[in-house]
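Next up: just one chain, as structure tokens, the form predicted alone.
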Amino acid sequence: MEGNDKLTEDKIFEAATTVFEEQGMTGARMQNIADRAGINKALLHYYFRTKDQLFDAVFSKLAQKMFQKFSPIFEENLSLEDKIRFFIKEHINFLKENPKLPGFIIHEINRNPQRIKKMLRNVDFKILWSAILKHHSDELGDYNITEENLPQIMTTIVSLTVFPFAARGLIEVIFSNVGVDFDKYIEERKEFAAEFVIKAIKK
């Protein structure tokens, strides 16, 4: 891809991500995305012929970006506790960069679950489960982790990082009444959530 094409596509992805997060798939308009990207609508349609096509591309790129961040989780030289700390820290950092993403995804799942299922069809989540069981077979005896309860543990870890962003509006209202700064709370959560999980699973 030529330099100018790459720059234009990057602008489109950035603009589309913002518009989709703010207005959802239904409310988003190609004209709004073109305006935010600083290009005309005809050029936008040159790169992406339909809104559906653009939505799928944006969602796929965000998913790829997120999975790339977490690639060290598949490394054998990190302990299980190090991987938990790494995931929670990097997931919170990713959500700080994309704070509206959890609400957007939840909305789209509820609006059109089949679309999201189709987009995630090629993602093999069993790879992560298998990697944990394989790389940490000697460690698992020290933790309350089995192949059966691993899905429970993994979704619990994700919920500890996602919920503050998905419910940020509510949490900030509550925190404002007790003098807690949300940004400070999020930074502290990186360590708190990791230690909370490790203490919970350790025998």
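Residue indices: 1-based, along the sequence shown. Given the structure is predicted, the values throughout are model-derived calculations rather than measurements. If you superpose the two forms and keep the largest set of C-alpha atoms that fall within 1.5 Å, you have the rigid core.
Beyond the structure shown, there is the form predicted in complex with another copy of the chain, which is absent from this document and is the topic of what follows.
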Checklist line | Every residue of 30, 39 and 64 near another copy of the chain in the model of the complex, heavy atom within 4.5 Å | finding: no
Check: According to a 4.5 angstroms non-hydrogen atom cut-off, is residue 158 in contact with another copy of the chain in the model of the complex?
Finding: yes
Next item on the list: Report whether the minimum heavy atom distance between residue 6 and another copy of the chain in the model of the complex is within 4.5 Å.
Entry: no
Note to self: Is it the case that residue 141, even though its partner is missing from this view, gets within 4.5 Å of another copy of the chain in the model of the complex, heavy atoms only?
What the structure shows: no
Margin query: Check residue 133 for me: does it contact another copy of the chain in the model of the complex (non-hydrogen atoms, 4.5 angstroms)?
Written below: no
Note to self: Pick out the residues of 168-190 whose heavy atoms come within 4.5 Å of another copy of the chain in the model of the complex.
What the structure shows: 169, 170, 171, 173, 174, 175, 177, 178, 180, 185, 188, 189
Margin query: How about residue 175 - superposed on the rigid core, does its CA move between the shown form and the other one by 2 Å or more?
Written below: no
Next item on the list: Could you check whether the CA atom of residue 186 moves 2 Å or more between the shown form and the other one, using the rigid core for the fit?
Entry: no
Item checked: Did residue 26 shift 2 Å or more between the shown form and the other one, C-alpha, core superposed -> yes
Check: residue 86 and residue 59: do their C-alpha atoms lie closer or farther in the model of the complex than in the form you see, with a change of 3 Å or more?
Finding: farther
Checklist line | Distance trend in the model of the complex - C-alpha atoms of residue 63 and residue 86, change of 3 Å or more | finding: farther
